Ligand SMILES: C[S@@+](CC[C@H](N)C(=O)[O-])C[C@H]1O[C@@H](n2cnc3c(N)ncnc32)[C@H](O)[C@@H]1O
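One chain follows as structure tokens, the form predicted on its own.
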Amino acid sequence: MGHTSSELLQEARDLPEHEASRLLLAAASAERSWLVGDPAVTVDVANRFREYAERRRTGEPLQYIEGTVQFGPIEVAVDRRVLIPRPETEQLYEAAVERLRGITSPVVVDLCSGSGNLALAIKHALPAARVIASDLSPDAVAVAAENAARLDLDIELVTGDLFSALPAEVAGSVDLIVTNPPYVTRDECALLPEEIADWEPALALNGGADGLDSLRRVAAEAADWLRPGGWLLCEIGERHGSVAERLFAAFRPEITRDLAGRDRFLLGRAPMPDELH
């Protein structure tokens, strides 16, 4: 005997209503408008919904169950191999595109690229850009490659530790470096909600004792890769604003806030030759 959508949603009434609805839409591969009118549901969809609901009860993040996340103008696939892109990181994408407007064929580097969300969104907005995305995790690079193929966006993917895997010929000529590095402190990692700690990759979260391990290295090496006047855009921890300003002093940084009013982004520029004297 078949079920209607409302009957299935009743089966999952232990879950928040909006979550159960999202899971049913994912199971049916349908848009929200599909739920209008309480449609009948096939056996396959019902079984898939029950599986998804059970996965959610174990704490698996909704985005991993749904399989995709909207990020700016694109939708990227995500699973346990990569961090789930957060809405605030879209502000980093918007800041990057704004600073690249007017450059004919910009060279862009995305460090700690994860699912490739930043690199791919920038390439989507600026098709003439050369976008190079680097990540230490081969699993993350594989996800980014799958996303690039699915979206038919041509970016260069390299596996390595921050700048180490970048092609040598772009040194000194990069127009913009963007990065959302791990910035959670080691102690804070131990206090993260289970939904994050048990499912998302620790490599993408743990920034060391004070959360600044990766940012220190970016601050030390970025000038070797940027052209004079090139941009450096970093996502940072909400308590890192003042120390990040000191770390990146050579880039005349500006700390800006996310939509919740927390320090979240560092925007800087490589000095021009006449500023070095």
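What you are looking at is a predicted structure, and each value in this text was computed from that prediction instead of being measured. Just count from 1 along the sequence shown to find any residue number.
Separately, the form predicted together with this ligand exists; it is not shown, and the next lines address it.
Undergrad: Counting heavy atoms only and using a 4.5 Å cut-off, do P106, A125 and I155 all touch this ligand in the predicted complex?
TA: The answer is no; none of P106, A125 and I155 reaches this ligand.
Undergrad: By the heavy atom within 4.5 Å rule, which residue out of A96, A121, A140, A129 makes contact with this ligand in the predicted complex?
TA: Of A96, A121, A140, A129, the residue with a heavy atom within 4.5 Å of this ligand in the predicted complex is A140.
Undergrad: If you check G172, G160, P167, P73 against this ligand in the predicted complex, which one has a heavy atom within 4.5 Å?
TA: After the contact test, the surviving option is G160.
Undergrad: Out of 98 to 106, 143 to 151, 187 to 195, 173 to 181, where are the residues with a heavy atom within 4.5 Å of this ligand in the predicted complex?
TA: Flagged stretch: 173 to 181.
Undergrad: Taking any heavy atom pair closer than or equal to 4.5 Å as contact, tell me whether R216 reaches this ligand in the predicted complex.
TA: R216 lies outside the contact set for this ligand.
Undergrad: At the 4.5 Å heavy atom threshold, is A77 in contact with this ligand in the predicted complex?
TA: Residue-level check for A77: no, no contact with this ligand.
Undergrad: Is there a heavy atom of T89 no more than 4.5 Å from a heavy atom of this ligand in the predicted complex?
TA: Result yes; T89 sits at the interface with this ligand in the predicted complex.
Undergrad: So which bits of 101 to 121 sit within 4.5 Å of this ligand in the predicted complex, heavy atoms only?
TA: Residues within 4.5 Å: C112, S113, G114, N117, L118.
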